[in-house]
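Shown next as structure tokens: one chain only, the form predicted alone.
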Amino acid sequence: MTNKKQMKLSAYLVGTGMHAASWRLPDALPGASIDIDYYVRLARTAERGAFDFVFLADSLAINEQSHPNILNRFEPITLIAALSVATSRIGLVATASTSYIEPFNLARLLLSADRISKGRAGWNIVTTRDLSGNTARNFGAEKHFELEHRYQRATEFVDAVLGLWDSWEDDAFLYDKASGKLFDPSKLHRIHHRGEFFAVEGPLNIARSPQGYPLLVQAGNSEAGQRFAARFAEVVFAIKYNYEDARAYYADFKAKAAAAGRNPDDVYILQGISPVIGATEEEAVAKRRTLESLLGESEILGFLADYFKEIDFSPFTTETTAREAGLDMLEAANPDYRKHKPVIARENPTLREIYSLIIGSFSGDHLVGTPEKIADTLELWFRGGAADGFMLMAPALPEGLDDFVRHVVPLLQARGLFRQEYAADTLRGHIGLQAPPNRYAASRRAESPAT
């Protein structure tokens, strides 16, 4: 298989894992979310498995109901810069919001990380969901931006950042000691941006990296988010819980990318998966039950009460079903619920299962089992047009990542679905994308008279 036709793999790194009780497992490392040696170990494990990249999420506010692994953790751009000098090939994607920073600051931070990593950085572009209810107050405001406003702002924000990243043409710096000419002034560009939300003069005080600039990743689920991703994203992160839903999403999004004037083959859709792997089906099921047993009823119902402020959960237990609680018919104020409602309405899960669904700690029975079962499922989704690859969101770390690299990756490699080793040095190279042309250099060439 060519690079473009091979499966893409990434690893979502979040402390002791996606499951909210993973920190209580006997082998879980206390303080994992702020232990750099631990994150180095995870990144090197993913690199040993030839993963395309590791992925670091973020949030700008927390409360008492927040996931245990985000209460005390590193800022992602700082973390990928540190991981870049402890690894040599794997890509490093950091989440950063467009809602509470200026384009110049973020352009500089991300391109610095990209240069430190020698072209292995990526930007997961978010507009910030206000799950805690207090995000705006951390930045001197009283009210969080509405969704449509956030994406309008984000569109202008990314336009400005992309312009700044092209401030210097790739051959602008001469370092000619004999002539004393450090750079060619004709290849330095200001963006002179004046828009509805931002005024940015430029130029940026750092040049492009070996891959041009960071890979653009996005995970919007709303209609506004998908329009935004169709315009900018090179990798799209989605979570669908069954094959047919994933295939429908894949076809719909690829059509959106084509309608936006892009080659849909240059936009990769990665489905989030949270497999539980055992030597036997019974062992995997037992692992899942162990994790579930560590979740207290008060924790689950407290989280759901905070998530669904419209409902009083005090009469319910974790075994109450969605229909009994009225969640299948609820028009929740929380915009994040829209992506979960179709599954909840169709399958009528218990409140315990809804909790796992929302926090992304399990993907369903089709991904609980032996390495062969996991590999079979991923092959079906990949070959069947449901995904270009997968984001491993292990319920427990480091075990879930270790098991996947040790037992599932070799099966995918043996089937010709995944690379045996890295063939490139940059993140764009791993994914199968060329470095983007510098917009100003391309414009100058277009304006030059034919020779």
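For every residue, the number given is its place in the sequence shown, counted from 1. Computed from a prediction, not measured in an experiment: that's the story for all the values here.
This next part talks about the form predicted in complex with another copy of the chain, which is not shown.
For the chain shown alone, Gln420 is not a contact residue for another copy of the chain in the predicted complex, no non-hydrogen atom being within 4.5 angstroms. When another copy of the chain is considered in the predicted complex, Thr426 lies well away from it, no heavy atom lying within 4.5 Å. Another copy of the chain is not shown here, but in the predicted complex it comes within 4.5 Å of a heavy atom of Asp176. Glu201 belongs to the set of residues with a heavy atom inside 4.5 Å of another copy of the chain in the predicted complex. Contact with another copy of the chain, judged by heavy atoms within 4.5 Å in the predicted complex, is confined among 399-407, 53-61, 412-420, 385-393 to 53-61. Comment: another copy of the chain is not present in this chain, but in the predicted complex one of Asn221, Thr321, Thr78, Asn242 has a heavy atom within 4.5 Å of it, namely Thr78.
The partner is absent here, but in the predicted complex a heavy atom of Arg115, alone among Arg89, Arg346, Arg115, His149, sits within 4.5 Å of another copy of the chain. Heavy atoms of no residue among Ala248, Phe308 and Asp312 are located within 4.5 Å of another copy of the chain in the predicted complex. Although another copy of the chain is not shown here, in the predicted complex the stretch 179-193 places heavy atoms of Ser179, Gly180, Lys181, Leu182, Phe183, Pro185, Leu188, Arg190 within 4.5 Å of it, in sequence order.
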